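A single chain, nothing else alongside it, follows as C-alpha cells in the form predicted on its own.
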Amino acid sequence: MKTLKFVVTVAIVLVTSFGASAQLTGREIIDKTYNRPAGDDQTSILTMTLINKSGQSRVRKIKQFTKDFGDMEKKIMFFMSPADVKNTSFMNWSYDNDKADDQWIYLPAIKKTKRISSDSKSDYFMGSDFTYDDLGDRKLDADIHTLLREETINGFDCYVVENVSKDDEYMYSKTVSWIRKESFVGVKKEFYDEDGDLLKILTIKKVEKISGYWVIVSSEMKNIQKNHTTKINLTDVHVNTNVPASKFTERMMMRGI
C-alpha cells in the first residue's frame, strides 16, 4: 500500500521520479508517490505545535503507530500531553480499494469512542490545521492529476503536479504538489478552497533516511486565511519493529499506550 501520510501524518505527502521525467504523466507521478516504500510498520513520538495569529503556541505530545497490512494501512495516535487532551486517541484505517477510510476518535472526558462520519472529514483535527481528511489516505483515482511543470525548489529538482477532485463537493477545489524527482518525497503542497483561493500550505522541512526508508521528520502546515500554523516534528522514529496487529483496535484506543 503505502506511503506515509501525516503526519501528520502528517500527512500528508508528495511525488517525483528518477530520470525520464518527460515520460511520466501526473497520474504516474502521484502513483509512484503513494507507493513509495515506507516499511512494514513505524513508531514515533510526534510533537505538534499550534501557533495562533498572535504568535501564542500550544504544544502537544503524541505517541504514533502505523502498520501496513498489505491491503490496508492502520494508524493509531495517543495523546500524552498536555493534561486537557491526555489519553485522547485517534485511529485511521486506509484501504487499497475504493472503500473510504474508517476513522475513530476516543474522548476520555465522556469515555466514548466516536466514529468520524463522512460529513465531518472537513473538520480540523484537535485544533490543528490538518483536517480529518488530510490524515487519511487519498485515493489515486479520486483526482485528475496534471503535470504542470518541472522546477527547482530548495535545491531539489521537482515535478509540480496539480490534483483536481472528481467530486464537485470535495473540500478542496485543487491541490498543487512539489515532488522531489530522485526520491518521490514531497517538498511543498498547496491547498485551495472551494472558491479556488489559496487556503493553506504544507512545507516539508526535513527528511531523514531511517532503516533505509525516507521519513518526513519535520513539516509545517500554515493556514493562510486564518494566519494559524501547525508544526509537526517526529522523534524516536523506529521502522520495522513488528508492531502487533492488536494495537489497532477500539479497545486499545480506550486502554491507551
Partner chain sequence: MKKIVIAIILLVVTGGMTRAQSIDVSGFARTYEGAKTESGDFSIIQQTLNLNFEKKGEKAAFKANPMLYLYNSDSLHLNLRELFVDMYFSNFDLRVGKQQIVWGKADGVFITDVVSPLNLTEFLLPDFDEIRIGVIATKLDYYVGNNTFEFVWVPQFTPITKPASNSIWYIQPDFPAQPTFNWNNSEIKPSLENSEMFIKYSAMTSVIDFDLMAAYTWDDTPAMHVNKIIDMSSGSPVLSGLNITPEYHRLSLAGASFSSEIKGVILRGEAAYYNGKYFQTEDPAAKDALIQKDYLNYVLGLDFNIGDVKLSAQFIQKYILDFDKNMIDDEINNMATFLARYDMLRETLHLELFSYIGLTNEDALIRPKLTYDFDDSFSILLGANIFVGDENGQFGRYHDNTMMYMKLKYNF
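Keep in mind it's a predicted model, so treat the numbers as computed, not measured. Under this definition, the rigid core comprises the largest set of C-alpha atoms superposing within 1.5 Å between the forms. Positions refer to the first chain, counted from 1.
In what follows, reference is made to the form predicted together with the partner chain, a form of this protein that is not presented.
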Identify, from the list 187, 116, 147, 176, the residue with a heavy atom within 4.5 Å of the partner chain in the predicted bound form.
116
Stretch in contact, per heavy atom within 4.5 angstroms of the partner chain in the predicted bound form, of 45-53, 25-33, 209-217, 196-204:
45-53
83, 87 and 128 all contacting the partner chain in the predicted bound form, non-hydrogen atom within 4.5 Å
yes
Please run the contact check for residue 230 against the partner chain in the predicted bound form: heavy atoms, 4.5 angstroms, yes or no?
yes
How about residue 63 - does it come within 4.5 Å of the partner chain in the predicted bound form, if we only consider non-hydrogen atoms?
no
So, residue 158 and the partner chain: in the predicted bound form, are they within 4.5 Å at any heavy atom pair?
no
Does the 4.5 Å heavy atom contact test between residue 99 and the partner chain in the predicted bound form come out positive?
yes
C-alpha of residue 249 off by 2 Å or more between this form and the one not shown on rigid core:
yes
